Ligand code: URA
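Just the one chain here, the form predicted alone, laid out as structure tokens.
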Amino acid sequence: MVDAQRLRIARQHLETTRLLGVDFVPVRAAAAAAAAALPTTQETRSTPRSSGVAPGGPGLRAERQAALDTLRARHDRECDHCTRSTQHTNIVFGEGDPCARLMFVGEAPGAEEDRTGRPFVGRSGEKLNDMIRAIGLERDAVYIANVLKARPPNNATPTPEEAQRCGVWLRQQIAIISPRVIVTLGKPAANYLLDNRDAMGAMRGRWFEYAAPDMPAPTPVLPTFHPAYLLRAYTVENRRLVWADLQKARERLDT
């Protein structure tokens, strides 16, 4: 008898190619997905796919959320970048599950994010939501933040100096959440967390490590394209590359 959960997952894999704009499903992939819908061993049937949320009860979640709230209050008073900014409407600190195993990091808020005070809304946010659903998660099961918490004038790309002044708060967010995997969205976010100046083409799709003194072990980091770039350069090749990156992140979560 076909296992309903595995059939749902197989169908989800096929549907995600459409969500990310991949225009066809290779025959091998379709066959593999169909095969995945059939149970093989008892171990296969009984091993659930990771939800993307770290184990831990309401107490741990409440503790981490309280730590994030305290951190935000300190940021709003003390951030060397945001307290100097005079052209933003709202601080965009970050949102999501404080026990998330997957964290997405972008570069800075845009106009819509500045208006609402929420990260990744508008067209880029819709595309990121598609990306998250494509790997079987929901937005509220991950954590989303930016290097800068205040919108740069004219949506300018953050300078390394701005990133250094505001990014210290991102580092503390990461330490509190302790994600299993970080996916950076765009070059500035990857450059900041990985402390390099590499081109996006040299980083995209490769695993790196983010290490910090206040974390027990390095965190795997996977750079991929920013959703805004994907919308501007909406080619079949770019969509395939992003989908391949998301699959890598999902596989790392499941190991």
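Counting begins at 1, following the sequence as shown. Here the structure is a predicted model, which means the values were calculated and not measured.
Below, we refer to the form predicted in complex with uracil (URA), which is not included among the displayed structures.
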### Query
Heavy atoms within 4.5 Å of uracil (URA) in the predicted bound form: does Ala108 have any?
yes
### Task
Decide whether Arg204 counts as a contact residue for uracil (URA) in the predicted bound form under a heavy atom distance cut-off of 4.5 Å.
no
### Query
Using heavy atoms and a 4.5 Å limit, would one call Tyr143 a contact residue for uracil (URA) in the predicted bound form?
no
### Distance check, Pro152 to uracil (URA) in the predicted bound form, heavy atom within 4.5 Å
no
### Task
Given that the partner is absent here, state which listed stretch (162-170, 75-83, 110-118, 176-184) has heavy atoms within 4.5 Å of uracil (URA) in the predicted bound form.
110-118
